[in-house]
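Single chain ahead, written as structure tokens, the form predicted alone.
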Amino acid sequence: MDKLIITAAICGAEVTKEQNPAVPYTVEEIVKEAKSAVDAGAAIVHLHVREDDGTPTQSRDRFQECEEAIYKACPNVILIPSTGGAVGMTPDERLQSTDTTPIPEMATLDCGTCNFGDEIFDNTMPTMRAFGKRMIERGIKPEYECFEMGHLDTILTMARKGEVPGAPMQFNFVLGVPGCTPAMVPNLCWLVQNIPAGSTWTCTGIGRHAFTLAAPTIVMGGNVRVGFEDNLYLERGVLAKSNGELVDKVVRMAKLLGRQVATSDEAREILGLAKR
């Protein structure tokens, strides 16, 4: 079994300081949270960016500023910028995160439209084709984000047609978003059983499901994503003080379950990325 790759989704686009004062907005706060996660054992930082007042943005310049600052603090980390952005952003806005220098090693590619709480997260086929084309042209490895079980079939069909990068594929199964596939182990098992041989996968449990899905994921040989984007609590009623606390809890779980944690370089090897 490969070592466990831990991803920290440090701020997302929706959570606020009103919900947890430790949610980062400014460049300095984002760097601090990225470093706390990496120091705790995260090999990957999944990156959204904010304006200083907390407004979500996909500004190329803001991504560039944050990425440069994170690399100064964490030179070897794998950054996965979001192309999901926030609900309501246009595809052109969302793709700005792939325009930074150096070209990102990876980026997210959302695999279909879905309900997202009270909103609709719009990912039409033309949008996904455009995102796939950009990543093929720039040599960016997608992390395929599946919020619904049907998203898996959609993206596998697109890969067979050459519309998005193909094997080896990396999936992130995001379970428990209100309106999407429930965060249940049988649902996770179905998804894992239907990915192509040689693929890698990560599981993200939303809210109270963050750690109840992390445990079976660790045992099943998958990888785990945690962070303020997905869950603000270390345990019931206890707000996490940093992303590092959430990552450290996964590290401790992995140790108890007999799974070693991957460094960023080991994660690159597992994911088929070039060494930096």
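This one's a predicted model, so the numbers in the text were calculated from it and none came from an experiment. Residue numbers here begin at 1 and follow the sequence given.
One more form of this protein should be noted, the form predicted together with a small molecule, which is absent from this view; the next part is about it.
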Whether His46, Thr108 and Phe121 all lie within 4.5 angstroms of the small molecule in the predicted complex by heavy atom: yes
Options 156-164, 178-186, 143-151, 98-106; stretch whose heavy atom lies within 4.5 Å of the small molecule in the predicted complex: 143-151
is_contact(Tyr71, the small molecule) in the predicted complex, heavy atom dist at most 4.5 Å: no
Partner contact for Thr204 in the predicted complex: the small molecule, 4.5 angstroms, heavy atom: no
4.5 Å heavy atom contact, Ser82 to the small molecule in the predicted complex: yes
Contact flag, Ala13 vs the small molecule in the predicted complex, heavy atom cut 4.5 Å: yes
